[in-house]
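Only one chain comes next, encoded as structure tokens, the form predicted on its own.
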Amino acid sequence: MELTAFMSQELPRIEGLLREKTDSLSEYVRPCAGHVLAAGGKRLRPLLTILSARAFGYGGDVLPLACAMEFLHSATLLHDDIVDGSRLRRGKPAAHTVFDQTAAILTGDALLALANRMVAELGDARLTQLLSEAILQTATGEIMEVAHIRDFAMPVGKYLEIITGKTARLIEAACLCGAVLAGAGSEGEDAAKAFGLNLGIAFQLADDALDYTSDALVAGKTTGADLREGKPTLPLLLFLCSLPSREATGCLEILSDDGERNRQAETLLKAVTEGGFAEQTRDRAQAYIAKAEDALAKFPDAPHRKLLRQSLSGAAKREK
């Protein structure tokens, strides 16, 4: 089976359970929750959970665990868009612009609780612990990102720490929980964890490169949004590191002034892209993909391992 055929089989099942669980929510929560889920998305995390469990030989129902991962992810999106002041999510109005911020925050809280309940109902305390840890790590990464807004002198190592927390830990948990559900054992769990972690870092690196290179209509968000919001992502950090000391100081002065940064945003975007720093970021993403492939080699030689390998192929070169 190819990945596209697998997705055409599993995505309707994922969407069906997401709708069923959303419809069971209070009438006060349902509209906002339905809005964020209706925006679509790749459903990467539930697909990875299913693939990881199947790769380690699990034949039971993975769907509740997989969909819990998507509800958790959706909750973070609701909160992120408020923190970032984002107007769009996947090309559609962000939930807090359609409803209000209070409704979006509390709906995010409700989806976090729903995800936890769905996993708790599986009766495996280890899975509950892993999901809770993923929530903690994700929230910590988001708080770190907020703490470093406009910190354009931030070391690359700190940037990697932030994206590992805010993005990679949940993708890591999706893969690890699938392996735990399947009873993969310590070596299998370690392989699933390394696969998900490196894929997650690559995914965020590619996303940060897209902020400088994407067509807004394709990507579903404004080009240069991170730059305008004052987020120091890798393409910009690499650009700053390439400048002579005096030029870097001048550029940092521009970046630290919100008005001046926005006035010169197009010039900065052009300098980063024409200097090849978005492509350098994609190259780094590809290096993490290679690490994920190394981890995948430790999975059982099964058809679903092939599908996981196919999921890596477009992660560093995606357009949205």
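Model, not experiment: these values are computed from the prediction. One rule holds for the numbers: they count along the sequence shown, beginning at 1.
The form predicted in complex with another copy of the chain exists for this protein as well; it is not shown, and the discussion that follows is about that form.
- A heavy atom within 4.5 Å of another copy of the chain in the predicted bound form is found for one listed residue only; from 39, 271, 29, 295, this is 29.
- Proximity to another copy of the chain in the predicted bound form, defined as a heavy atom within 4.5 Å, singles out one entry of 86, 213, 116, 164, which is 116.
- Proximity of residue 125 to another copy of the chain in the predicted bound form: non-hydrogen atoms within 4.5 Å are present.
- Interface membership of residue 247, defined by any non-hydrogen atom within 4.5 Å of another copy of the chain in the predicted bound form, is ruled out.
- Contact between residue 156 and another copy of the chain in the predicted bound form is not found at the 4.5 Å heavy atom cutoff.
- Remark: residue 101 counts among the residues lining another copy of the chain in the predicted bound form, judged by a heavy atom distance of 4.5 Å or less.
- Across the options 200-208, 178-186, 105-113, 239-247, residues that bring heavy atoms within 4.5 Å of another copy of the chain in the predicted bound form belong to 105-113.
- Annotation: in the predicted bound form, residues 13, 22 and 73 none come within 4.5 Å of another copy of the chain through any heavy atom.
- In the predicted bound form, another copy of the chain lies within 4.5 angstroms of at least one heavy atom of each of the following residues of 136-170: 136, 139, 140, 142, 143, 144, 146, 147, 148, 158, in sequence order.
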